[in-house]
Ligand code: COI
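Only one chain comes next, encoded as structure tokens, the form predicted alone.
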Amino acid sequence: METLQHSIKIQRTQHSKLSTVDFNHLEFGKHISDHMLVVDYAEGKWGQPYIMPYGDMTLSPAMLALHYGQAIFEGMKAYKTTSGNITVFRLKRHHERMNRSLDRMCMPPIPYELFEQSLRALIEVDRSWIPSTEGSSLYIRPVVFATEARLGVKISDHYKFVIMTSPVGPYYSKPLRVKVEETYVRAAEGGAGFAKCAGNYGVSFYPTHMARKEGFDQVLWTDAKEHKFIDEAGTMNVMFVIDGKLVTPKLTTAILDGITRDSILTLAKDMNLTVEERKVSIDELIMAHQKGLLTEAFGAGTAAIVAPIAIINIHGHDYTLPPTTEGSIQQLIKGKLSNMRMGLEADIHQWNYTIH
């Protein structure tokens, strides 16, 4: 594996932007690190990766990604641990999910060696961009898109694989107000909802924009057929604590298989909490709230990690949840997850990919 990394060509920037970044006040995704990694796909194979200064690319307006949506991405994070090492959380799981997204969109898979060594090389070049303030990290954005230039509807024969990084702070700064969406649809079973393809996010903009105009931060998507069951939140999976049990919608082809979701469920079982993956209806949430059994709700995702939900709006009525405390299930799990990432607790599941 060292052979590939050592053969990656590196063109370093002559004008670093590092000094312009206020690492104590990081807006999510605003600052892109100095370099990016690029790999081209042609003639049935991926070419040689190279690292270059981050900047604009020359691309054809006829490239197929712009017209027919062949574009997918991943999101993961790197951390500085207390020992001074760099860890990337659940690298293999992210690689597996990326290839599932590529397969769904008829795009070529990324070999693990190419994925791992490319990402490692880029992080080592821009390791000074990894923030060390509490709650911060280096967000990693791999993206693959079709670049063949023609107007006919077809599967592309040419692609670019690009990795960018960005120093980030917490995604949400306060508990969320969310609206249960009962008109618009993000994804339907049998579609591409489980894949991180660009179109999934584009179709969510309008209903999310309308919800924000009404004073909400995000929407909770419901099933496409009846709008009776919760699927996920706008930028993350969603979880509830009902009668002391950690409950989350069961995965379907309409729901993203979140790595943070899987990590939280695993840690909850380690903590001997009762975990249920099943359908969660709107009516159940209303009834559980009325009985005082719905004590917590939160989003879970790579960007947000754990995002407390303060209010759930259903049928136009606000259902307020108890304030989150240090003893809340979501905070206990978040603390354990953060400690494992930062090397403060044993990585018993071997989730951390370490760069010394």
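Sequential numbering from 1, following the sequence displayed. Quick caveat: nothing in here was measured; it's all calculated off a predicted structure.
Below: the form predicted in complex with the named molecule, not depicted.
- Here is the short version: of R100, R141, K154, K269, the single residue with a heavy atom within 4.5 Å of the named molecule in the model of the complex is R141.
- Note on the partner interface in the model of the complex: the residue among T235, T147, T208, Q117 having a heavy atom within 4.5 angstroms of the named molecule is T235.
- Proximity to the named molecule in the model of the complex holds for all of F28, K196 and T302, with the criterion being a heavy atom within 4.5 Å.
- Only one listed stretch (155-163, 196-204, 275-283, 126-134) carries heavy atoms within 4.5 Å of the named molecule in the model of the complex, and that stretch is 196-204.
- Not displayed here, the named molecule is kept clear of Y184 by more than 4.5 Å at the level of heavy atoms in the model of the complex.
- Shown alone here, Y171 lies within 4.5 Å of the named molecule in the model of the complex, counting heavy atoms only.
- At the 4.5 Å threshold, heavy atoms of F73 reach the named molecule in the model of the complex.
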